[in-house]
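Quick setup: one chain, the form predicted alone, written in structure tokens, and binding and motion questions come after.
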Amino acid sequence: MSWQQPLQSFGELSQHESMAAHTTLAVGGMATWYFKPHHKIALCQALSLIPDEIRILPLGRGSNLLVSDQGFKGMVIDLGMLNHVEIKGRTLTAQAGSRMSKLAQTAAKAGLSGLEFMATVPGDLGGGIAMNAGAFGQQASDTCLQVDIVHRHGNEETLSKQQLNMVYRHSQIPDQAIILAASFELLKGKAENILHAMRHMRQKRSQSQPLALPNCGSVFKNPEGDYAARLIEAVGLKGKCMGDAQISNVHANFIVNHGSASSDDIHALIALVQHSVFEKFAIHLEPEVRILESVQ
């Protein structure tokens, strides 16, 4: 019996799914397989059925992901059903498919501080943990206690943030493991003050970022002691276009899709920025966006 039929008892399985429909940049070719597990237990049980030669890719909102125009030769696992959030005392625990904005709102209403920045981050928690997302001087590792993962063959494990070596925009997740949930230890505060801080962050973000067009958030990590946006402006690339992709006129560390940009267009802009900034400043800008090549 093939593995596909029993897998369907644990969720929805489809073939040749357009990744452009599942990333905030709205680019990318087809995924060979696309699987939506019914819930966490179903996901853990299903993993053992997927042949080892099929590479897996966990996916939330796809807000920090650039997929090749040739697509992904493997199985995308949609974590959208893993969205439960709960609070016990000062500890908030959320599943990986929970929107970070929802976490910020839930914590704020409970009078808990430490996740305010998540109100401005468009992705889901799994991706936020994987990249140690941050903004406005906060990042996930500030309050993270532990992270639950499931390994490639279905065995679960809980790791502390120290075990994950969480640093600026990076966490060391074991290869082919999937983040299931994370817990945060927060501080008591006044709900109205926390909500006010979140509103201020959202307002500042809306004024300084090109939110009306498809984008992946910050394209490059900030080099130590400097800002990627400043360097990109300094080499005269703000507003530069390749096809329908453009280095935003609003914020130079954003690349926007004006409607029909290809992944190749965005790759070309990324390469141009890296070359130009290195040539002028001898600084290598490291991508913050996860670049997924078709060979993976």
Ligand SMILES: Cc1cc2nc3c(=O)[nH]c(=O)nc-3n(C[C@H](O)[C@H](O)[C@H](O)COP(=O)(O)OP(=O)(O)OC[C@H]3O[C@@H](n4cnc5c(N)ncnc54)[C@H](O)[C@@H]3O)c2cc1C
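Keep in mind it's a predicted model, so treat the numbers as computed, not measured. Throughout, we count residues from 1 along the sequence that is shown.
There is another form of this protein, the form predicted in complex with the ligand, and it is not shown here; the text below is about that form.
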The ligand in the predicted bound form: contacted by all of 62, 177 and 288, heavy atom 4.5 Å: yes
Checklist line | Interface membership of residue 197, the ligand in the predicted bound form, 4.5 Å heavy atom rule | finding: no
*asked:* So in the predicted bound form, is the ligand close enough to residue 130 to count as touching (4.5 Å, heavy atoms)?
replied: yes
| request: Indicate whether residue 134 is a 4.5 Å heavy atom neighbour of the ligand in the predicted bound form. | output: yes
4.5 Å heavy atom contact, residue 121 to the ligand in the predicted bound form: yes
Answer key: of 161, 90, 73, 169, within 4.5 Å of the ligand in the predicted bound form (heavy atoms) is 169
Exactly one of 113, 209, 222, 105 comes within 4.5 Å of the ligand in the predicted bound form through a heavy atom, and that residue is 209
Given 34-42, 51-59, 230-238, 257-265, the stretch touching the ligand in the predicted bound form at heavy atoms within 4.5 Å is 51-59
Applying a 4.5 angstroms cut-off on non-hydrogen atoms, the residues of 199-227 near the ligand in the predicted bound form are 205, 209, 211, 215, 216, 217
